[in-house]
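Before any questions on binding or motion, here is one chain by itself as structure tokens, the form predicted on its own.
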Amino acid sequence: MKIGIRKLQILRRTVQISVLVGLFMVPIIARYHNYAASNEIDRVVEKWDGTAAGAMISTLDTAIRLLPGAEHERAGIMQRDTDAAIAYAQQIRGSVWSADIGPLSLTDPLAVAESSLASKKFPWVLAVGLFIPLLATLLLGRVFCSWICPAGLMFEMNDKLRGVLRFLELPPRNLRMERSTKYGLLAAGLLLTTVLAVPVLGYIYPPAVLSREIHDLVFATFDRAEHGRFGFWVGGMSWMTFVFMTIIAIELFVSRRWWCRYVCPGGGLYSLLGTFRPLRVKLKHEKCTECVLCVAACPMGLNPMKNEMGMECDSCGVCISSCNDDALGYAIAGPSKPIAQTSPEAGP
């Protein structure tokens, strides 16, 4: 059981890192598509040799040319099939907010809600993009937060730094708030979106913010290269980077996993949608020795030892990995008890 759970954690981390890498790759692919369509790839690779922009385009070009049909032989020399390269580059577009991956269309439920309320319409393309994320949430709950969200990965790594602060005898605070805050923010944001016809939550929702900032960073790098200035340039990013870094600082020094536990409107929506999910982390009472390790490990500040998780659990499996008694595991089951309102919140 332990070996299987550890492998699951490795898989989860691999998926998280792949999503983050994908956020960098999408704007690179988009720029590659532009250069391929204008037959400029060879020129920019030669001109930008030894630079970050040149390395990104040449590495991607090499990878694409390994794909079936992306090269053809002419006069004994393997050459790029431009049409095939363009076709491959068109297979991945968007971000975790809304993306097209081959024939799949995927859209965050919060993006669907805001777009529909802002436009007062619900086009079929939104329904298509919503189908897979909604189905996954109905069956598995808030798994986007623990498996897909790139900001969630950053917050998890930031949580590790809190341990470093404690090791240095600089213990961070752990301010606790009402979990209902995120549901109030979700409701207020959707109301403002309806009134103003502007998707306001998208401006503070970390996955969307991080996606846009990475896109701007990569595009600014290419824009500068086209004007003979090389290297990454953070000036291409916006004030939203300050919002993201502020969240990082609050979670590091003031409140453990503050955003995901108390504030995130997207997490609130996923929690609501996954209230009656069939797959849950369940406690085997007969095996539990009440060692409290799972309580300390839970990043969401829940209490697996008392089976008090409810819809807030994102099924990350960290509590299962921390349990030496094999008392926790995934199971098809009904709703567990909600977090006790009379007891202090779990987690350090």
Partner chain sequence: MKEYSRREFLRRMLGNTTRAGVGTGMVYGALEMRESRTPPQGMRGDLGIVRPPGAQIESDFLSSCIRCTDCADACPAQCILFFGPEAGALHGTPYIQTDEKGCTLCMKCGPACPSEALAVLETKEEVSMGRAVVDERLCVSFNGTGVCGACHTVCPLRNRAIIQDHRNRPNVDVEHCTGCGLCEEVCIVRDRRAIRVVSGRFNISEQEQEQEQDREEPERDQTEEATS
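This is a predicted model, so every value here is computed, not measured. Positions refer to the first chain, counted from 1.
Same protein, other form: the form predicted in complex with the partner chain, not shown, and the subject of what follows.
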For this session: Answer with one of Phe131, Phe219, Phe253, Phe230: the residue that has a non-hydrogen atom within 4.5 Å of the partner chain in the model of the complex.
Result: Phe219
For this session: Taking 4.5 Å between heavy atoms as the contact cutoff, choose which of Glu71, Asp83, Glu226, Asp159 touches the partner chain in the model of the complex.
Result: Glu226
Exercise. Among Arg142, Trp258 and Met300, does every residue place a heavy atom within 4.5 Å of the partner chain in the model of the complex?
Worked result: no
Seminar exercise, completed: With a 4.5 Å heavy atom cut-off to the partner chain in the model of the complex, the contacting stretch among 143-151, 165-173, 72-80, 88-96 is 88-96
Exercise. Does the 4.5 Å heavy atom contact test between Tyr203 and the partner chain in the model of the complex come out positive?
Worked result: yes
Exercise. Could you tell me if Lys284 has a non-hydrogen atom within 4.5 Å of the partner chain in the model of the complex?
Worked result: no
Exercise. Is Arg31 close to the partner chain in the model of the complex, meaning a heavy atom pair under 4.5 Å apart or at it?
Worked result: yes
Exercise. Can you check whether Leu126 is within 4.5 Å of the partner chain in the model of the complex, heavy atom basis?
Worked result: yes
Exercise. Listed by sequence position, which residues of 195-224 have a non-hydrogen atom within 4.5 angstroms of the partner chain in the model of the complex?
Worked result: Ala197, Val198, Pro199, Tyr203, Arg212, His215, Phe219
